[in-house]
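Presented as structure tokens, the chain that follows is alone, the form predicted on its own.
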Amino acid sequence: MNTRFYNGKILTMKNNMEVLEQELWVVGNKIEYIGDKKESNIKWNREIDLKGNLILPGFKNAHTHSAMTFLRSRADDLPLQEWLNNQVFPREAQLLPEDIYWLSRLAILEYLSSGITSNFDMYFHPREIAKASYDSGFRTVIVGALNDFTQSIEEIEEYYLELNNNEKYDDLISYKLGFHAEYTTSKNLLKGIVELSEKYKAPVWTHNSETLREVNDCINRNGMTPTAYLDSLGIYDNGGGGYHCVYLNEEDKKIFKEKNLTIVTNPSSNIKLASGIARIDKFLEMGIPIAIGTDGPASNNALDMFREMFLVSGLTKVKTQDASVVDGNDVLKMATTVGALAMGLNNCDVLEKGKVADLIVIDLNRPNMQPLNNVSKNIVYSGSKENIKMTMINGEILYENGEFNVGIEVEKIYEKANEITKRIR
């Protein structure tokens, strides 16, 4: 599909926060041109008058569990361990592989309407996750969910080879090594992950230091924090990072810095489960890369990047009692470019010629976006899902003006999700 966008604004995320008033052309699945109006021999499928609205790289949801949509508002108002052991794990045990497909498709609808063009998804049955994303035209990076109760080292390697095969899924699907957490994964399995990481020179991802209890229990078991323990085993020798990272001590932060690891912060989930508030300001001071994730729809419960961006900045300001920390422009980078690089999506990080056309259109002609004193700060501090006018992935428009183009009627997805939810008690 060839699409010409004109009469609008462009925030490429390449040159700080400079807003361009130029055209953007998409030919096939890639950006062909960004610049002033000029003549072209390209046969356009659509020429879109932006009417002053803004094109931006799509948001990257760098940590989520998409298929947990079936638990939305069914396991609320509980602390993490009770939530996991008494509500989540027993119900997850009832899921069928085909359930993962439909529940993931439901999450994808929400991602699209929130301007999210790719996600970093950790859950069971990765082939079903891949199929749901591919059938929707959505870009997903799947991460291993290995633990003592599900998957194996052999399966993780099989998934790694199969789901990184672009001949089957084009380039919409990829796979990273990962495991659930230190407290659910035996030392033998962790050593197996280290061997795979070394074999393929691949990064490793996991939940890390989400709660104070998790950290203290790890110290009691191993004499070290989760970060130090995993590092001592060689988990981070080929990079990767951690989800949450609310309770990192100085040694932990040094490990993240020295190994060039990325922290993926999940503020909504952390405050809903009363896990704590991450010190984003300290990570920024040390130059540790920070991306943003929603976490799953059972612990959030919304898959909304606007809410996450506001909280990343706002919670840290409250925590430090300093309104100057965590600048909104830094937060916008976390939600777009840093997330892309963390997920290995180096061709989807910014808007420039030759990059894949994963982009969104922000409606600036809404009351919450006026006046246009500072477009990037408006997105972080006053933006909402109502401002997502269009979501394009791989050159295809999958969401526009409240309508979805995902290869199936959305009512069918809602119907299947509700059937699954009624079956699981």
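These figures come from a predicted structure and were not determined experimentally. Numbers for residues come from their place in the sequence shown, where the first is 1.
Keep in mind the form predicted together with another copy of the chain is missing from the figure; the text below concerns it.
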Contact label in the model of the complex: residue 128 to another copy of the chain, heavy atom within 4.5 Å:
no
Taking any heavy atom pair closer than or equal to 4.5 Å as contact, tell me whether residue 3 reaches another copy of the chain in the model of the complex.
no
With the partner left out here, check for me: in the model of the complex, does some heavy atom of residue 391 sit within 4.5 Å of another copy of the chain?
no
Do residue 274 and another copy of the chain share at least one heavy atom pair within 4.5 Å in the model of the complex?
yes
Could you work out which of 77, 250, 154, 167 is the residue within 4.5 angstroms of another copy of the chain in the model of the complex, going by heavy atoms?
77
Which listed residue (262, 313, 174, 225) meets the criterion of a heavy atom within 4.5 Å of another copy of the chain in the model of the complex?
313
Which of these stretches, 344 to 352, 322 to 330, 177 to 185, 195 to 203, has heavy atoms within 4.5 Å of another copy of the chain in the model of the complex?
322 to 330
Select from 400 to 418 the residues with a non-hydrogen atom within 4.5 Å of another copy of the chain in the model of the complex and write them out in sequence order.
402, 404, 414, 417, 418
